[in-house]
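Just one chain is shown here, as C-alpha cells, and it is the form predicted on its own.
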Amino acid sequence: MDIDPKQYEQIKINDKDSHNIILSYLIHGCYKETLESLVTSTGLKVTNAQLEDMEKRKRILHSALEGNALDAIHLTEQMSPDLLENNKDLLFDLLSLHFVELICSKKQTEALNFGQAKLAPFGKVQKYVGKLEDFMGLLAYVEPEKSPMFHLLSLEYRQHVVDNLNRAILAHAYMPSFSKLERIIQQATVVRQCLSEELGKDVLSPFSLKDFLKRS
C-alpha cells in the first residue's frame, strides 16, 4: 500500500519557499549561472560574499573532478586553512585521486613514487591500511580498470570525494553542509522509514525517492 497522491496534491506550497529551496541547492552545488538566472527571474537576493564563495569552491571542485587533485588541495588550503590538516580522511582521499590519475595516465613509476611518499605514511594508522592496500594494488595490473579495485578509477568515486570536499569546506566556514533540498529529502525518507516500521511494511511500503519521482 502507498499514499494516494491526492492526499498531498492539495497542499499549497509558497512560491517563495520553493525558490529559497532551489536557491540553497544552487549555492551548495556552485551552479552560479543558473543561480543568477533564478535571482533575475524571482527577485531573490544573493550577497557578493556568497557569489565569491561559490566561485572559489567551484574552482576547487572542478580541479578535483578534472584530475587536478593537487591543485584542489592547494586551493583548499588557501580558502580553508587547516581544514585538510585536521581532516586526514579527506586529505587521503584527495591524494588518492592524484594517485589514480597517474595510474590512468600509465605513469606507473611516478604513481609508485607518489604512493610511497604521500600515501604510504597513512599506513601507520590502522584505518587506512585496507584502503592503502587497494590503491597500491592497482600497480600490479596492466589493465587496472579490470582489477577488483576498478571502482577506485570510476567517476562515481571521484564525485564521492568531491562531494565530501564541498561539504567539508562549507562546514569549515560555518555554513550548512547540506542544501535545504537534501535535508527535506533526508527528513522525508526518515519519516517514511519510521512510519513503515511502526505500521508494518504490509501497510506502508518503504520509501524510495526514485520510485516516488517516477510516479510524480
Partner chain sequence: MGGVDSEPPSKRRKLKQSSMAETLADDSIGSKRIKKVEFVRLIAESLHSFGYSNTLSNLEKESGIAVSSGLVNEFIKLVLDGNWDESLNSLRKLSVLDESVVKLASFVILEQKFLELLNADRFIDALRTLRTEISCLSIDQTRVRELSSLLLCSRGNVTKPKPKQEVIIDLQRLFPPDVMIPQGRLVQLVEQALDSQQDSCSFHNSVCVDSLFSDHNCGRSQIPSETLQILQEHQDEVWFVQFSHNGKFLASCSKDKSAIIWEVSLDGRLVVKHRLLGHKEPVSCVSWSPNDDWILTCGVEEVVRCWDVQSGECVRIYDKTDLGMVSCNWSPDGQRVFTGFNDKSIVMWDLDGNEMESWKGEKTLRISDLQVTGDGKFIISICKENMILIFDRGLAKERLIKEDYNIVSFSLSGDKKFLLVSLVNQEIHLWSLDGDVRLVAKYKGHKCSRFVVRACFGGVDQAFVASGSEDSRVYVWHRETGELIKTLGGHSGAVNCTSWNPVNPHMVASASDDRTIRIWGLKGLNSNHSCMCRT
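Everything numeric in this text was worked out from a predicted model, so none of it was measured. Numbering follows the first chain given and starts at 1.
One more form of this protein should be noted, the form predicted together with the partner chain, which is absent from this view; the next part is about it.
- For the candidate set N86, S105, Q78, T109, a heavy atom within 4.5 Å of the partner chain in the model of the complex is found for exactly one residue, namely T109.
- For the options V161, L70, L35, M149, the one in contact with the partner chain in the model of the complex, meaning a heavy atom within 4.5 Å, is M149.
- Although the partner is absent here, M136 lies within 4.5 Å of the partner chain in the model of the complex, judged by heavy atoms.
- Within this chain, L132 lines the site of the partner chain in the model of the complex, having a heavy atom no more than 4.5 Å away.
- No residue in the set S154, Y157 and A168 has a non-hydrogen atom no more than 4.5 Å from the partner chain in the model of the complex.
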